[in-house]
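The chain below stands alone and is given in structure tokens; this is the form predicted alone.
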Amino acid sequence: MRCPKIIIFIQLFIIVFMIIFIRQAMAEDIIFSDEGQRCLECHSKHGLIKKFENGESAEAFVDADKFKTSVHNSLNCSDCHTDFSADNHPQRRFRSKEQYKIKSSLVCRKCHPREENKAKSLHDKLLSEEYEGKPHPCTNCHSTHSITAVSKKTYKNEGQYCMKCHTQNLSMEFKDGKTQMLTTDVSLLLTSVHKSLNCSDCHFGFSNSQHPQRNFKSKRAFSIANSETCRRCHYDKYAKEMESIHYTVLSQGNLNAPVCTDCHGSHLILSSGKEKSYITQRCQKCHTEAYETYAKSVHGKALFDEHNQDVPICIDCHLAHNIKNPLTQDYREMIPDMCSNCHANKDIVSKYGLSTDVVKTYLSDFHGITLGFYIKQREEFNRPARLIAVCTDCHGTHNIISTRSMAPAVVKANLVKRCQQCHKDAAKNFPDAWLSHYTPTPDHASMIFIINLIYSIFTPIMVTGIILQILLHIWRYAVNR
């Protein structure tokens, strides 16, 4: 059974080889007309320079081998260069190279009239812009003497085909009268994390044969529509984003709410996992005031001045895609857990002389224990939430500052103001009743340390004595019985 398949495969290989060989032989056997041969006597050599009035210049060199493979290889030179012949070689003047290209491309309309070109939506758009006074010379995309049929896949990849136009000065006009440049910087695209993708992977519906005309009300509507493309590959991130405050605001009609391309960019998409300052700069686009406050905080200064990658940034507290509303009670109750991600991590805080006792002492004092009780009550008995002090109530949110360089009296005065936000009648010495996240030691809060030590010794003795008394009582009861 295998032999017939092998024979068929060999036959197909021979046919393909012959087709390629015949095409190559045909290209090699093409003989230029007498006119063509005469023109190439000069134009097949480098060194012929055409100078323009603005100082620009262009070389009048024609590559004979490339012209043989061109779709125009059967034409005479004078078919396109109508002013020229073997006996007539006029000297023409042009203000610039661009004017020369525009003038020369008009010859193309003799064989490719406007009605024929309008059949493709891409050409229709360019011709419409040309009618409005913005010329698009044919040679910008199709070259000059080496014109080949796009349908024969003459481009090595899809990107080369698209960039023939999108490296030019293209733009899109919206219904509100504003425009969007469609020029793509290839150097930026090659540094993107998407550099291995084809254009049509993101620009779905576009190809060398299809280039649909789309109309948008505004530039913002265009950006929002394009961001929907991301979900085709990143649906997990898209699903999280649908739960975020950004999506909620967008769905309520606020078109200024950020979408994928606002944070990640479009063609220049960089990996965000290495440089934290790059991420905060994205958030700065919309949250300028919060960014400026953060930059002056102990976290911001460490990030921007010292390039410290241990400090928390926007997405460490607010997350990246499923961003919650920070004004809700649910978010408020998560704050101790957020802060503990760093301040309960001994490997991080030990580098900077900090202690993990900050989290332990909060969870074991009145505020932390009460918060835990209220969360359980609300979940089990559906009781209304209560505002209990969390980390940000005392330390602030974006404006967290270091107290190491402050005088004790200033720190205490600031603490009183914080306490008075909840405890209206708090006196100046009110903060003295709080250990300020310190664990009692012989040097700090020595009296509390001694009392705790006594309790740690006395309590086990009392428990042991009670257990022993119970056992003796049971034994005596059993003996007397």
Partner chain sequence: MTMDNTDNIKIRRFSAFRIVEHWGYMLAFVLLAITGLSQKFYYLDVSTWVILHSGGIDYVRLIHRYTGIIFSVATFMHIIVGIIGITLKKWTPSMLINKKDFSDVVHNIRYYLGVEDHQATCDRYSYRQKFEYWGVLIGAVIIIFSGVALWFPVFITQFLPGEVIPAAKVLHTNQAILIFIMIALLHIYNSIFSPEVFPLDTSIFTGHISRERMAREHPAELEKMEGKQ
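These numbers come from a predicted model, not from an experiment. Positions refer to the first chain, counted from 1.
There is another form of this protein, the form predicted in complex with its partner chain, and it is not shown here; the text below is about that form.
Here is the short version: of Arg114, His81, Arg214, Lys376, the single residue with a heavy atom within 4.5 Å of its partner chain in the predicted bound form is Lys376.
Exactly one listed residue, out of Asp357, Glu292, Glu243, Asp365, brings a non-hydrogen atom to within 4.5 Å of its partner chain in the predicted bound form: Asp365. Not displayed here, its partner chain is approached by Ile369 to within 4.5 Å at the level of heavy atoms in the predicted bound form.
At the 4.5 Å threshold, heavy atoms of Ala433 reach its partner chain in the predicted bound form. Although the partner is absent here, Asn414 lies well away from its partner chain in the predicted bound form, with no heavy atom inside 4.5 Å.
Heavy atoms of Glu132 never reach within 4.5 Å of its partner chain in the predicted bound form, leaving it off the interface.
Although the partner is absent from the chain shown here, Met447, Tyr455 and Met462 each have a heavy atom within 4.5 Å of its partner chain in the predicted bound form.
Just one listed stretch, out of 420 to 428, 45 to 53, 32 to 40, 60 to 68, contacts its partner chain in the predicted bound form at the 4.5 Å heavy atom level, and that stretch is 420 to 428. Along 255 to 269, not one residue places a heavy atom within 4.5 Å of its partner chain in the predicted bound form.
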